[in-house]
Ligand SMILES: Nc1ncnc2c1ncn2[C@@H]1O[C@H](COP(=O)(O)OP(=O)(O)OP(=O)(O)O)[C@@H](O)[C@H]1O
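A single chain comes next, written as structure tokens; it is the form predicted on its own.
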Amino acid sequence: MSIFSWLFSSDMAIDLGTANTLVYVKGRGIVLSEPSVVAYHVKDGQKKVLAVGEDAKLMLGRTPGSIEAIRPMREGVIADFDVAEEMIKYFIRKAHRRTAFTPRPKIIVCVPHGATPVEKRAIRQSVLSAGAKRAGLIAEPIAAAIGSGMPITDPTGNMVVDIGGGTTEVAVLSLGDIVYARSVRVGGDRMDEAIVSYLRRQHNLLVGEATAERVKTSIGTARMPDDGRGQSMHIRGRDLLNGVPKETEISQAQVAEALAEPVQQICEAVMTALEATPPDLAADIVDRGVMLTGGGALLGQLDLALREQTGLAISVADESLNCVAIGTGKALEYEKQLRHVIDYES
């Protein structure tokens, strides 16, 4: 790439996640990472966007009746087309050093393996409407495997488990493509919901998603602590019995109990994938182990919980949170070599 073309390169790769959106610009790497949240108010039947990303996330659960803060992505796909389009436009403008000489960008977006043709079309159309000259799609498990540094083009079996905000993608790859993949609708959001539900049930305490997420990231664990209690933290919410604000303490053991069901669903998805893997590729996976990527991979001791269930070596990718964005960016950088994994529908 010449200095001139690098300076004016505008092509992008977008990890359009349920919880966070990351933007990778060709030649520059990841330039933006913000929550996939939009705040707007409706006037005369029209939605007017007030804030996007970090600013909008601060408004979640705290808005007056005239303003709504929502996440337009649900379980890895677009739930609100118009709002998602505004969000993508905002992120592209923020990441794009647009000048009079800059052409419209070519954009590659990752999508869950289980996304339907209708869902894929919605994502592609949103990106084109947001100003892309061409929109390509890449399957999330392939992007995650590339981003974690797995040798997916080799004739050997590689298993990647990408745990995002809305979905967990389990895939076996060989020779640069997917041999088997399964997408289950469980991820970071389901874990947050499980914590909210547990606190409501066991403590008669109603907390918001932001508090549940803070509990998960601070003391969340997939296994019961050795001492039966582990660390603890204080949280605040509304007492459901008398309706007043209340503070209580929650321990790691209680969080492990709350997260037992979503963790078990992830373990079952991995076991199902192993059962469906051809014998020779399964033998490779025994040698190489399983790679965990995505924000959910950072849940405490999740690798140990999976190791106990599968008997395989489980490792967490170095930059698990950014793996999909890095992999999508590499597909953009090395497009000629990875052309077969990008769907331009042209």
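This is a predicted model, so every value here is computed, not measured. Each residue number is its position in the shown sequence, starting from 1.
What comes next is about the form predicted together with the named molecule, which is not displayed.
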Report summary line: Heavy atom within 4.5 Å of the named molecule in the predicted bound form, from candidates E119, E213, E86, D80, belongs to E213
Query raised in the report: Can we say T18, G166 and D189 each have a non-hydrogen atom within 4.5 Å of the named molecule in the predicted bound form?
Result: yes
**Report entry** Contact flag, Q265 vs the named molecule in the predicted bound form, heavy atom cut 4.5 Å
**Finding:** no
Query raised in the report: Does the 4.5 Å heavy atom contact test between T272 and the named molecule in the predicted bound form come out positive?
Result: no
Report task. Considering only heavy atoms, tell me if V49 and the named molecule come within 4.5 Å of each other in the predicted bound form. Result -> no
Query raised in the report: Counting only non-hydrogen atoms and a 4.5 angstroms cut-off, does T248 reach the named molecule in the predicted bound form?
Result: no
Query raised in the report: Which of these stretches, 142 to 150, 224 to 232, 199 to 207, 166 to 174, has heavy atoms within 4.5 Å of the named molecule in the predicted bound form?
Result: 166 to 174
Report task. May I ask you to list the residues of 283 to 301 that have any heavy atom within 4.5 angstroms of the named molecule in the predicted bound form, in sequence order? Result -> G294, G295, G296, L298, L299
